[in-house]
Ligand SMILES: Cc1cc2nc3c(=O)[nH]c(=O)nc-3n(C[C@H](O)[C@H](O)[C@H](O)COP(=O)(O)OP(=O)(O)OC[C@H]3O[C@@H](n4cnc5c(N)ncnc54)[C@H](O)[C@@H]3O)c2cc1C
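Form predicted alone, single chain, as structure tokens, below.
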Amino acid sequence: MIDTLIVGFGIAGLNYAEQLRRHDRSFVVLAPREESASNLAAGIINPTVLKRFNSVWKSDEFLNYAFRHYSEIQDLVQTKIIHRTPILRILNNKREQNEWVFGCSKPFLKNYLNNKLISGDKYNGIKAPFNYGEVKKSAKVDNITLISSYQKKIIPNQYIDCRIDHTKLEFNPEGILYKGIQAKKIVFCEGFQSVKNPFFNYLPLVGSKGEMLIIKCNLLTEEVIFKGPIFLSPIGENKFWVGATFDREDKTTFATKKGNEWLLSKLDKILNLPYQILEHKAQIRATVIDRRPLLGIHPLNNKLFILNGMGTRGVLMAPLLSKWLYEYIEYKFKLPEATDIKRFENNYFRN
């Protein structure tokens, strides 16, 4: 018998697997080796909300733990996965300049924002007539390299390439049984696929579609991440991630003409260099109605747990959220109320 069956292996599943590995707990991962929202995400660690000049909820806690956590995984897989890259917010007018300066004086932002603006002429090919504001404690994680390296180097014999059939789960006094795998418990890290999970489909996982581009631009610097109406983030070899759209109505993973046109219109507002479009893809983010993660135990079955609902902040939040869930399960530590799925328990019993 193993300790835990993990379902899903995006950024949430990987981080929970790492918590189990560090504590010498046995586990098996069930997940298809197909692209997930984590594979297509930019992997940007950003403790700020640059649109509103605010900080992310519990930003210091998430940020400090994430940097330490990813550095340790980087050493484990012996592959570069985290890059300490500044974000430069393109300021569009005098009002935004003033808002930036004011934001730098806020107690919860002053550690993240550089109060000295950077000249808009510093980087060739970017339209920044009102200069840049710099986010200091930012980074980007190479999600694709992280996930593939962890699969191949750390858990090659604990990973099963398949999509779970929830109807085949059996429950017994010892735990759960799934196609010959006996485990004490199961943790679902399925992202937006959780809407098809009959045990947790009562949770208000609304989802938001994001479309993105990969472009090649030989003349653009790879030293920073640019933030204008979209993010323009380097991913190596003169390639850049461009995105993303935000659509709560369309729940397909098809790239659309509308999404392509929107991305290009925003990109052309800030980039004044020739580029080549290499890819156009789409995925569904696991966003929640109250914009808080989903952690906790099933209302009636104490063998079922969930780690989900991180939206656009998965890379930043997943390390600490996985730690909170592990400590909740193993040591009965209390979850922060804002993350505990007990806040939606009435939905379950109403259904």
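In case it trips you up, residue 1 is the first one in the sequence shown, and so on. All values reported here derive from a predicted model rather than from experimental measurement.
Here the subject shifts to the form predicted together with this ligand, a form of this protein not shown in this document.
Stretch-level contact analysis of 237-245, 110-118, 84-92, 252-260 against this ligand in the predicted bound form, using heavy atoms and a 4.5 Å limit, identifies 237-245. Contact with this ligand in the predicted bound form, defined as a heavy atom within 4.5 Å, holds for exactly one of I164, L203, I126, V77, namely I164. This ligand is not drawn, but in the predicted bound form it has a heavy atom within 4.5 Å of G311. Of the heavy atoms in I11, some are within 4.5 Å of this ligand in the predicted bound form. Taking the partner from the other structure, this ligand in the predicted bound form has a heavy atom within 4.5 Å of a heavy atom of I44. Within this chain, M212 lines the site of this ligand in the predicted bound form, having a heavy atom no more than 4.5 Å away. Along 126-147, a non-hydrogen atom within 4.5 Å of this ligand in the predicted bound form is carried by no residue at all.
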